[in-house]
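Below you'll find only one chain, the form predicted on its own, shown as structure tokens.
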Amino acid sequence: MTTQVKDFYTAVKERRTIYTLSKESPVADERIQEVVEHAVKHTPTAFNSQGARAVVLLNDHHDKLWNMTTETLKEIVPGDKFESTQERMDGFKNAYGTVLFFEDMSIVEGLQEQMPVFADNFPLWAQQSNGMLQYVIWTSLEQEGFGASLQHYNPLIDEKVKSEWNIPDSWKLIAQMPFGKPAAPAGEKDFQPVESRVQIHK
């Protein structure tokens, strides 16, 4: 399984939220691992703290995550309003895999102790770094021919996820990214004039 890798500018442009995904993969699982490991290694972090963590769920593990999320939501969403939720969960489960994003809070807390003058900023910087990692992985998956979306069912599923996959207590779940081969294109997207969003001073 090979795919034509897109150049960076094209991948940035074509990376979109894709909800209609299939369980097909344009690349081997080993390539998915390479993409995620490369992103985790090279995405910048504050003070080179390297606190971001990623867990890739494939096959039955991926299905189990979305079955688990569905059962959790059934406990809080009224039955007469659950149909749309079920459809959304089925859509995520129909994907090929999911990347779970975490932040190791023991590293954040250690930095707060070492540099108390920046204590309030370290959680913010950790979130910013984690967001960059999410974007790098998302764009890299786009380059490989995948579509993806970013979901946030934390903290509802945190404890179940930690228990099922033996996640360390210090890892805080940040986001979930189901990915797979696109089965339908993204919708239209409107853009504000870039001139109103960027200033250049020469």
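Quick caveat: nothing in here was measured; it's all calculated off a predicted structure. Heads up: residue numbers just count along the shown sequence, starting at 1. C-alpha atoms forming the largest set that superposes within 1.5 Å between two forms make up the rigid core.
In what follows, reference is made to the form predicted together with another copy of the chain, a form of this protein that is not presented.
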Can any non-hydrogen atom of Ser149 be found within 4.5 angstroms of another copy of the chain in the model of the complex? no
Is Gln33 one of the residues lying within 4.5 Å of another copy of the chain in the model of the complex, judged by heavy atom distances? yes
Would Ala11 sit within 4.5 Å of another copy of the chain in the model of the complex, counting heavy atoms only? yes
Using a 4.5 angstroms cut-off on non-hydrogen atoms, would Asn59 count as touching another copy of the chain in the model of the complex? yes
Would you give me the residues of 179-201 that have any heavy atom within 4.5 Å of another copy of the chain in the model of the complex, in order from first to last? Lys189, Asp190, Phe191, Gln192, Val194, Ser196, Arg197, Val198, Gln199, Ile200, His201
Threshold 2 Å Cα movement between the shown form and the other one at Pro193, rigid core reference: yes
